[in-house]
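Just the one chain here, laid out as structure tokens, in the form predicted alone.
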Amino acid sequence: MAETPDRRTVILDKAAGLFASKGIAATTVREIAEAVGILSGSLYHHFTSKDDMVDAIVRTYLDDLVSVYTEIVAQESDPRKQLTALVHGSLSVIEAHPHATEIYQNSGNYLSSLVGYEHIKINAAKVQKTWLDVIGNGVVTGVFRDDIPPRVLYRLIRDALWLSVRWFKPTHQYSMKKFADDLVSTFLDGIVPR
């Protein structure tokens, strides 16, 4: 019997929501199956295990981040424009994968225990390297301050971005784009009135 991509997508969506809200370890295969409306044994037609679902969710998220970042760095050479694009690109991926973002932020220890973790680890390193390269180039060229270590600035921006999934919900009055612009402005221009 051929696997239907729609069913697999539904399973991953429901599983991601449960993993994000309850945690991976606290979520059972039975709960995922009930959320999808199938018997728990039927999940194994699509995935070999709960960990296989987690890997698929996080892998897609990180693959999308790496793809967006690669395109940004290839298209833009100015560090300020690159950093701005990284913020906007990150938020677009976060918006597309809110549950995966939360899973990735909350479940580092669990993810590192996955059999296929090497792929996740490699992409996470690529994400970090992109940020550090952009910030480092900005420091070297005098675009960014040199009194803040690039790793510290990266972590400040990273946490502001990725943890926003917990509290920021775009509205018509305050869009994701406006949020991205304000985040960039806060980091690059500060909060003191001009």
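We number the residues from 1 along the sequence you see. As the structure is a prediction and not an experimental result, all values here were calculated from the model.
The same protein also exists as the form predicted together with the DNA; that form is not shown, yet it is the one meant from here on.
For the candidate spot formed by Y104, G108 and Q128, no residue has a non-hydrogen atom within 4.5 angstroms of the DNA in the predicted bound form.
None of A35, V29, V165, V139 but one reaches within 4.5 angstroms of the DNA in the predicted bound form through a heavy atom, and that residue is V29.
Across the options 42-50, 64-72, 131-139, 151-159, residues that bring heavy atoms within 4.5 Å of the DNA in the predicted bound form belong to 42-50.
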